[in-house]
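Single chain ahead, written as structure tokens, the form predicted on its own.
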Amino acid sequence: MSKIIIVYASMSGNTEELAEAIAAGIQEAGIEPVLKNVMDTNASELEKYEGVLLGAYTWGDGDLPDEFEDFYDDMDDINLDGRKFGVFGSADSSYTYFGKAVDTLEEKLAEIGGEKVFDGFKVELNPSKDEKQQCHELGLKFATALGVSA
């Protein structure tokens, strides 16, 4: 079984930046994560990994991005027992539900057996230098949770 996959959806590039910063932290720990746009994979692929990270921006008033909807629905058919997970994403506080897509994905991953390593990480619109550093640290923390140390 491979180690870690990072699947994300990014319209403006903000969530992709978060994914890349998390991946850099994982790489520092000695693991080469698989980084994929949600449109280039399917939910069943998650079962091949010990660690699953999902990133999504929140669309509208708390919705998953359109490109994540089929993936999300297909997650009902997989089992992530014994696997670690984390969720991250960009959001806009001008909407009623800030970062609700992150919460929605966290709930689904827990429902299908995953074990949460860190609380959903949400960023207001585009990530700052400090927030990218926090993502890097989350990547290290995630790799450590899988029993890998830098």
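Residues carry their position along the shown sequence, with the first being 1. These numbers were taken from a predicted model, which means no experiment stands behind them.
Same protein, other form: the form predicted together with a small molecule, not shown, and the subject of what follows.
Put simply, of Asp40, Glu111, Asp81, Asp61 only one has a heavy atom within 4.5 Å of the small molecule in the model of the complex, and it is Asp61. Of the candidates Glu47, Asp70, Glu107, Asp92, Asp92 is the one whose heavy atoms come within 4.5 Å of the small molecule in the model of the complex; the others do not. Shown alone here, Ser12 lies within 4.5 Å of the small molecule in the model of the complex, counting heavy atoms only. Proximity of Gly99 to the small molecule in the model of the complex falls within the 4.5 Å heavy atom cutoff. Although the partner is absent here, Tyr57 sits close enough that one of its heavy atoms falls within 4.5 Å of the small molecule in the model of the complex. Proximity of Leu125 to the small molecule in the model of the complex: non-hydrogen atoms within 4.5 Å are present.
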